[in-house]
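This document opens with one chain alone, in C-alpha cells, the form predicted on its own.
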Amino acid sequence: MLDLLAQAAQPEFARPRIDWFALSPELVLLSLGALLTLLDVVFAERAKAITSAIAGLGLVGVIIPLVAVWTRVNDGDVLYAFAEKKPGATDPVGLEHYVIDEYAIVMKILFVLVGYVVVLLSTNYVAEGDYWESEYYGLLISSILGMVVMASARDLIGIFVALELLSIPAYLLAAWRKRDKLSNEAGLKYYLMGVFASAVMLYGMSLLYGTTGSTLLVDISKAVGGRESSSIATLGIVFVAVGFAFKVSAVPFHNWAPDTYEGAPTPVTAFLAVASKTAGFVALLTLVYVGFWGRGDVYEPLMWFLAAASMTIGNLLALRQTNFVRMMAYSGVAQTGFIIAPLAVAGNGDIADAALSTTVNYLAIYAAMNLGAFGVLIALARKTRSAEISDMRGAFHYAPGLTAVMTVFLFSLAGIPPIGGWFAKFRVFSVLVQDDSVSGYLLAVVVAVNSVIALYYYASVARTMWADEAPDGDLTPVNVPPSLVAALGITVAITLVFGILPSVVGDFTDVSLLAGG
C-alpha cells in the first residue's frame, strides 16, 4: 500500500486500474449504509418503521453480487481489485493488496448472512426498547462492511483499516443502552481493551514493516519465511498475533468479554460473539497462511498455548456461571480455543489446507448455533425479563418449541451427534491427530477432555429448562415475533443440516489460502 502511494507520486506512474465488478459487494454495502444514514438525516424519527426492513433487504441484496463474483472465482479466477499495467505489457497485472478468491468469498457470504440474522434478532428488540433505530442499523452495516473488507485485505494497512472499520461501530453498539450503567461499562471496557489490542498489533506491524520494508503480506512472507530471519521480525509476528488474540477473546486476553457481553444489548452481544470474533479469525488466518507462512516455529507454539488455555480456562469458568450471557461469554472463550487449535499444526505442509478448512468449517457452524442460542434467550427474555439461568426453569411448560430449539443449539455447542457441532469438533480432532506429533496428539487429548467438560454446563441449562418447575407456576406462553421466528428457523435449519449432512458445510468451507495468493 505504501509502495503504491509512493509510486503514485511519480509523474510517469500509471494509476492502478480498479475492477469495479470485484468490488461490487463492498459497493452495495457502502450504498446501503449511506442510504440508512440519509434516511436518518432527512426523516429522523419517521424513518424508524422502515430502517430494519431496509437493512435486512439490503443485506439480502448483497448476496447477488457475491454470488456473481463467486461464479467467476469458481471458474478458477482470482480477482484483484487493483491492477497495474507495466511498461511494454499488453495486459495489466493484478496487485495483491486486495484479493478476491474462494476463501474471501466464503467468508464474505458468512458475514452477510450473520448480519442478516442479527438484523432479524434486533428488529423487535430495538423497536420495543426505545432505541434510535437508524443509527443502530447504520453502525451495524458499517461494521459488516469492515468485516467484508477484512476478508480480502492482503496488506497490513488494509487489515488495520478493516479492523478499525468493524471495531469502532462495535464499541458504540456495545454501549447502546445509554442510560444503563452496565451497557456504558461494557462499551468502555470493550473500547479500552480494543484500543490496547490495536496498539499492540500496530507495534508488531511497525516491526514487520521496519524489517521487511513492505506492508504487502506476500513480500513479508518472502522476507520472514526463512528460519534465519531477524529476531525483530519474530517479535513482530508475536505482537501481531497477540493483538488479534485480544480480538477473538483468547486466554489470557479474554477478560473484557464477560462484562461486555452482559452489558451490551443481547443482539449486539450475539453480533460481537459471532461476527466480530470471526473477523478476527479471518485476519489471523490470512496472516498465518500468507504473511507468516514458513514461520511455524514462531506461531505454532503460540497457537498451541492459546488453544489449550482458552479451552480449559473458558470451560472451567463457564461451569461457575449463573447468568446465561456470562456462561455463553466463557463458552465463547472455550470455543475460541477449539477454533484456534488447527492453527497449532498449520505449519505442517501436508495438512495445512485441511487445518484452514477445519477452522473455516468451525466458524460457519459456530455462527449458526451461537446466534440461535442468543435468539432463544431474546425470545424467552420477553417473558422473564432476565438472562439468569434460574429464570429459565420450566421453560418447556410454557415454551416447548423454544426449549427444543435451545436444546439443539446447546447440544450442538457441546458436540453431540448428529447436530452440527459434532462435525466441527471431529474435524479439529482429526486434523490434530493427522499431524502425527507429540504436540498434536496432546492437544487432541485437551480437545477431547474439554468437550466432555463443556457438555456438563450445556446439559445443565437444558435440564433446567426441561425438568424444573416454572417460577411461580406462570405458564403464560411466550409471544415470539415473526422476525425472531425467522432467525431461529434459519439458524436451527443450518445447525441440523450441517450435522446430518456434513458434506454440505464441508464442500462450502473447502478452501485454500496459499502464501502469495
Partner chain sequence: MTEVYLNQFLILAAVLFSIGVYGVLARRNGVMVLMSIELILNSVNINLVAFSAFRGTLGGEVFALFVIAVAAAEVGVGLALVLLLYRNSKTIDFSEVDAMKG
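Residue numbers count along the first chain shown, from 1. This is a predicted model, so every value here is computed, not measured.
Here the subject shifts to the form predicted in complex with the partner chain, a form of this protein not shown in this document.
Of the candidate stretches 159 to 167, 400 to 408, 441 to 449, 380 to 388, only 159 to 167 contains residues with a heavy atom within 4.5 Å of the partner chain in the model of the complex.
The shortest heavy atom separation between Gly280 and the partner chain in the model of the complex exceeds 4.5 Å. Mapping the unseen interface onto this chain, Gly210 counts among the residues with a heavy atom inside 4.5 Å of the partner chain in the model of the complex. Interface residue remark: Val433 is not counted as part of the site for the partner chain in the model of the complex, having no heavy atom within 4.5 Å. Tyr171 belongs to the set of residues with a heavy atom inside 4.5 Å of the partner chain in the model of the complex. In summary, among the residues Glu185, Glu84, Asp219, Asp353, the only one with a non-hydrogen atom within 4.5 Å of the partner chain in the model of the complex is Glu185. The single contact residue among Arg427, Lys247, Arg393, Lys189, judged by any heavy atom lying within 4.5 Å of the partner chain in the model of the complex, is Lys189. Using a 4.5 Å cut-off on any heavy atom, the residues of 241 to 263 that reach the partner chain in the model of the complex are, in sequence order, Asp259, Glu262, Gly263.
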